[in-house]
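Only one chain is given next, in structure tokens, and it is the form predicted on its own.
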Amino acid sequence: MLRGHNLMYRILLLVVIAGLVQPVQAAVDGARLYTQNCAACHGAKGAGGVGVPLSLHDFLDSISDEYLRKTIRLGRPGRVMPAFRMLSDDDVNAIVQHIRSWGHKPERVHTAPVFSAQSVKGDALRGKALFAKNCASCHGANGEGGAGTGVTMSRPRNLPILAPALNNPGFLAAASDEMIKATLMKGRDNTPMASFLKQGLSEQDINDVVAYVRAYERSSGAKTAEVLTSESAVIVRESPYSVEETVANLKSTILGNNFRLIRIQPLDQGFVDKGKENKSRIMVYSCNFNFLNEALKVDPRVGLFLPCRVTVMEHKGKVLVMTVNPKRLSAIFNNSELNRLCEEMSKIYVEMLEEAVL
């Protein structure tokens, strides 16, 4: 009989332990999933990068879990944030819990705000005038948001975040009227977003602004950036000249197109012992710094194709000149504004390569 009691006690103990361990495992999974899917843009601890900072306490205190879940699911079409449709509901919830952990304070347990789906009643036409006067300078005349991605290169260094796009269908689907209203009424600490009540607007004024922002849903709004078509991931041209002659031609072409020559080096330099580099494979670095600075203000990921890197190499008896095709990269950028720069840079690359092999 005693042996039976001991067995039952052990079973109960295992059940209790399993119950205690489960939340810890969920938190660990959330951290792992965040690292795999979010950290590259939002930073390992949510401090921001290409993506907006998520660990700002005032941000976490003013949004609901549902807003975070829908943002992960829907993304921001036409902006940097993609839609994570491949994650399970448990995955998304685990990520949300991990993000919430940054809002915890020692003196209290953080409770996520809950907003109802009830619409705020306001005059959208009147709200349009109020928006133009009080919001457009940061959020854009049509709610398109601040230019750039929110990283240091794209914003004044004293700002932790750029004004988001309010006309974005992903934002409008994720944010309830009550959440938008609460943000307007309270503002966001440590950001340029001040309380509209403290700015002198009435609650009815704020309702009218919310109604105007919600009216963006009836317009076309932002769309997922078009994926540019391209001949291939790499632009390649065959040269009738030797590697040395082609490199010399390329150097003249670079200077003639207002690019600055940075350096010329063997492709395998640094990977083999000095003096053993393959002289038939050469990398030529150059850059138009005005274009680079313009592109960086839009999206820092242009570092994938800028500065310009052209490879000249002998392959199967042919001399080839090649570089990455910026148009192919539009598929991962999801940035409508950057598409124009990808097309422009692709055209320049083609012209430079073709001129070098004439």
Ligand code: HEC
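Quick note: we count residues from 1 along the sequence shown, nothing fancier. What you see is a predicted model, and the numbers here were worked out from it, not measured in a lab.
Separately, the form predicted in complex with the named molecule exists; it is not shown, and the next lines address it.
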Query raised in the report: For the spot marked by Val312, Ser330 and Ala356, is every residue within 4.5 Å of the named molecule in the predicted bound form through some heavy atom?
Result: no
Query raised in the report: Counting only non-hydrogen atoms and a 4.5 angstroms cut-off, does Phe305 reach the named molecule in the predicted bound form?
Result: no
**Report entry** Any non-hydrogen atom of Pro164 within 4.5 angstroms of the named molecule in the predicted bound form
**Finding:** yes
Requested in this report: Mark Pro82 yes when one of its heavy atoms lies within 4.5 Å of a heavy atom of the named molecule in the predicted bound form, and no otherwise.
Outcome: yes
Query - is_contact(Phe259, the named molecule) in the predicted bound form, heavy atom dist at most 4.5 Å - result: no
Report summary line: Counting only non-hydrogen atoms, the one stretch of 137 to 145, 248 to 256, 282 to 290, 265 to 273 within 4.5 angstroms of the named molecule in the predicted bound form is 137 to 145
Report task. State the residue from Met322, Val319, Cys38, Val298 whose non-hydrogen atoms include one within 4.5 Å of the named molecule in the predicted bound form. Result -> Cys38
**Report entry** Stretch 37 to 53 - residues with a heavy atom within 4.5 Å of the named molecule in the predicted bound form
**Finding:** Asn37, Cys38, Cys41, His42, Val50, Gly51, Val52, Pro53
